[in-house]
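Next comes just one chain, in structure tokens: the form predicted on its own.
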Amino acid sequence: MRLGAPTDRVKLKVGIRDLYSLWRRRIEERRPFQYIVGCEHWRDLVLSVQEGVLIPRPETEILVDLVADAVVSKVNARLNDRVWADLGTGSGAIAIGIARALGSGGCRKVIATDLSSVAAQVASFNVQRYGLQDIIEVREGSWFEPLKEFQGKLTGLVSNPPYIPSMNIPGLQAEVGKHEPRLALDGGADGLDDLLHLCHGAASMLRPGGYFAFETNGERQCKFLVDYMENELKGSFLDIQVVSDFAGFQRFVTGFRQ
């Protein structure tokens, strides 16, 4: 068959002019490719994303693995049979990953919260796309506010919160700083505002033996959180650990409610 014959031609979903316009936005405006195509590949998922929703990163996939590892351990065999929460869910990536990892083991519910109405809508779309609406419930609101009825009852809590220091936001690459939502990036003066709020919330919201896993900006924040939980929240948590990401950088803090 001759190369270039009509049967070999690739059909375009949009015209050449439209493609050129999109490419110019990518090059000249530094618009993220994921926003242009409207999706991001994450783990084995294809998630819808758009302006106003944080693009899920590869390193965040480890949060799902950490949860799965905690659940399969003999000591924590009951971690998959109750209610989990994903705070600041964004696209819903972590909530969907957890539900798929724990669903076959009897996970009753994952509640995904986000302050952004745009993120809540996108997360709901992604949840329905994977047929998980009976397991995952998306609630709009700030951190623990939509979860008041679960105080002291949550089995697990995960979050990839804003952790970039405010002064570092202007120095981010344009694709991030100019286009991704500041609400999902800016963690305050030292990047720890929301992480500390999550630590206090975990102390009051998790049931005894409940599990938490938080993503941070790196080694300094990890060490600070471990010290803070061991001293300022003394007696609230046990088996607090720091876990590295794919590149070997300290990235996650995990532990259990006392």
Partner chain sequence: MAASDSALWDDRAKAQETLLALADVKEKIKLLADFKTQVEDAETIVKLTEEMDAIDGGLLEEATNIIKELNKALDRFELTELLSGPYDKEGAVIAITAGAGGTDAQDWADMLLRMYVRWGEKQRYKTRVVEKSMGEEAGIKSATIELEGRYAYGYLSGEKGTHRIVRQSPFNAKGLRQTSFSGVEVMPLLPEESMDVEIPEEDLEISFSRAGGKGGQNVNKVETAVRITHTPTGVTVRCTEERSQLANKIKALSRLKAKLLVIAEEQRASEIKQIRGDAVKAEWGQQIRNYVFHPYKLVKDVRTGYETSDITSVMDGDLVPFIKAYLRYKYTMSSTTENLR
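As the structure is a prediction and not an experimental result, all values here were calculated from the model. Numbering follows the first chain given and starts at 1.
In what follows, reference is made to the form predicted together with its partner chain, a form of this protein that is not presented.
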| property | result |
| --- | --- |
| Non-hydrogen atom within 4.5 Å of its partner chain in the predicted complex for each of F33, P58 and N168 | yes |
| 4.5 Å heavy atom contact, E137 to its partner chain in the predicted complex | no |
| Contact flag, H41 vs its partner chain in the predicted complex, heavy atom cut 4.5 Å | yes |
| Contact test in the predicted complex: Y163 vs its partner chain, heavy atoms, 4.5 Å | yes |
| Partner contact for A101 in the predicted complex: its partner chain, 4.5 angstroms, heavy atom | no |
| Of L115, L132, L185, L147, the one that lies within 4.5 Å of its partner chain in the predicted complex (heavy atoms) | L185 |
| Residues of stretch 239 to 258 in contact with its partner chain in the predicted complex (4.5 Å, non-hydrogen atom) | F246, A247, F249, R251 |
